[in-house]
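So this first bit is one chain, no partners, the form predicted alone, shown in structure tokens.
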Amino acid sequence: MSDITLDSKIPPGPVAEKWTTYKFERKLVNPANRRRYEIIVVGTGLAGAAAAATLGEQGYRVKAFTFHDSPRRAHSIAAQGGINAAKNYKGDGDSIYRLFYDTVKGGDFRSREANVYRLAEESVNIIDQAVAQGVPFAREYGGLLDNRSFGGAQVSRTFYARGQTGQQLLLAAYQQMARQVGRGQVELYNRTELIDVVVVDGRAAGIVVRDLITGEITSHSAHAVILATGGYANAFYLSTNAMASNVTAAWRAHRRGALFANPCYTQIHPTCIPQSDDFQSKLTLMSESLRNDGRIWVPQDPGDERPPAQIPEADRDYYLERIYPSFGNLAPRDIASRAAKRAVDSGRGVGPLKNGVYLDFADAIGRLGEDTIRERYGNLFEMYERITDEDPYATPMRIYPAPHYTMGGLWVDYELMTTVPGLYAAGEANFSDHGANRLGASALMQGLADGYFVLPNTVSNYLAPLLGTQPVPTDHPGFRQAEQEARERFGRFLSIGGTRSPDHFHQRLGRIMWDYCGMERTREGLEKALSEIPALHEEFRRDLRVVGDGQRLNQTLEKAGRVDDFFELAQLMCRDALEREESCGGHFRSEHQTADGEAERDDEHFAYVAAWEWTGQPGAAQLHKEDLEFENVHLAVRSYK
């Protein structure tokens, strides 16, 4: 048993004063001394770009790494619907406390109160900063910023830029980072992938990277390392994530001592375009914002194959409006997803494969006019038509749940530091703010809060005592050993000489994960997955085929490393899901549900963060628990009815 202790470093005092107290009492670095520190930021999405830009602006020397050809390719650009903030512009009762409450409740009481309250506090600052940067948020006729509603809230707090909010926010963060690149404060490395984290004397010393064009493996050192590398939903193969999204950075950090928290908490998004065939390699998300005006339904009777326009109201089941009248079509994602699954499993699925439900805008078009709907969602409707060759203005969209966001990630304390001193995790790469289920429009909020406001205030607490020290040189044996291990690992992939591609194994792994660790989990299914995944991983090691060599661009070799890490992560996801004998948020164990099919928590035994320690084998990880305390939002049965 390891002697790791989980110190969350939560400041004392009332929750509304903790962040202010922390910022006053933290150690500071004199502005003139900041140039003496080097910080590595891996990932240039919202969290990474915001952190690199802000730390550069503060005067630190920053190295930023992205495996994309441009930081603007980061997957944050795909976020569509909006970003939450407790501005209360609509005057409908919103507040910092209400956003805090909704987020804790939405996460099914499995998140840390102090972190969530800080997130709600900083949300109002994010909007001001983004507007100052020129983000073209939608505005009302009088010029004020507009808001719309998202799932899990009864107020309008979501700021948006049509259906491309993530793109606009990322471009703003990118231009701020680019400004620091121009000033010489940030050194940018494109097409460079992290392949290991280096720990020397118990502290993060730097990273080992591979140039994706030349194959060259090199090291970079710094006083602190920040991982802002996104989530791991591509463990399911088919997901809404970009196909390059992976878990390698976080997993390599985990293997070097960073605990991985709540890996079984994965979010299934309810509004994805249904899979069309077995050869599909990616799924496409339709923004949750569409649920503001679209109504979700299926035919009342199984086997009703009439075109939707020919099915009268009396023969339709608007099941979310029926089951959850208080929230209707804006029920939280986990609840809406399971309801869609039940509808399809009952034989009432729609579309050629009977694997979808309708998202219908006929009422909204009749009430508001097509021009208004086009103004609100035009680019989303256009995207849907390009993919499906169906006009959503004339016929309902077809949607179905799909793997999307991951609430689990590297365990971090209040400062966003992992269990490896000097190694931080930000945005979706950490576990910190969403508990067992993320409310819509909160991902952009967390990424920017972490990057713009949290890390720039917490990293000095670690750096200040290091004044006068130099980063560990990259010729240190710790770096040399990590480089050699990486070369040997890629060499093994190249030397197997089997018959199957990395994608072949990834697809088979994804099917196991979706069937047994997806929307619904059982002990029997998870145990089956934990027997099948190691066997498939062993087949991967025997029959993998990687063509080419490691001395140039080789995307098959890149994928081999990423899929290898997904195999290990998948075992931990199933192990974590098996250990958690309750249902909460996106983790639904069918053995633990109420009479009407809702999630049944076990607060007495499972009100904790499950933080797993690498012990050398993914199937033998050591569990550590951070008990969760609820002093402000009292534990209650989560209901949206």
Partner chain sequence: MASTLNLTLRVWRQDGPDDTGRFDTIEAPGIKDDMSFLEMLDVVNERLIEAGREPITFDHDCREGICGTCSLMIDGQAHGPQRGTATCQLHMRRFADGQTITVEPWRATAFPVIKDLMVDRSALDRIVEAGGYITAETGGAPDANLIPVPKPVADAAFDAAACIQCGACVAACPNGAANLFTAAKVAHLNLLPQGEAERYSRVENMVDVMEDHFGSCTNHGECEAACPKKISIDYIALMNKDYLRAKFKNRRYLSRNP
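Note that the structure is predicted; figures quoted are calculated from it, not measured. Residue numbers count along the first chain shown, from 1.
The same protein also has a form predicted together with the partner chain, omitted here; what follows describes it.
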- prompt: Counting only non-hydrogen atoms and a 4.5 angstroms cut-off, does Met243 reach the partner chain in the predicted bound form?
  reply: yes
query: Would Glu57 count as a contact of the partner chain in the predicted bound form, using a 4.5 angstroms cut-off between non-hydrogen atoms?
result: yes
message: in the predicted bound form, is there a heavy atom of the partner chain that lies within 4.5 Å of any heavy atom of Gln571, even though the partner is absent here?
response: no
- prompt: Does Gly142 make contact with the partner chain in the predicted bound form, using a 4.5 Å heavy atom cut-off?
  reply: yes
- line: Of the candidate stretches 299-307, 522-530, 411-419, 158-166, the one with residues having heavy atoms within 4.5 Å of the partner chain in the predicted bound form is 158-166
Position in contact with the partner chain when the complex is considered in the predicted bound form, options Phe453, Phe109, Tyr405, Phe327, heavy atoms within 4.5 Å: Phe453
message: Under a 4.5 angstroms heavy atom criterion, identify the one residue in Glu591, Asp69, Asp602, Glu579 near the partner chain in the predicted bound form.
response: Asp69
- request: For the three residues Gln267, Ser289 and Lys341, verify that every one has a non-hydrogen atom within 4.5 Å of the partner chain in the predicted bound form; reply yes or no.
  value: no
- prompt: So which residues in 153-179, when you check the partner chain in the predicted bound form, have a heavy atom no farther than 4.5 Å from it?
  reply: Ala161, Arg162, Gln164, Gln167, Gln168, Leu171, Tyr174, Gln175, Gln176, Ala178, Arg179
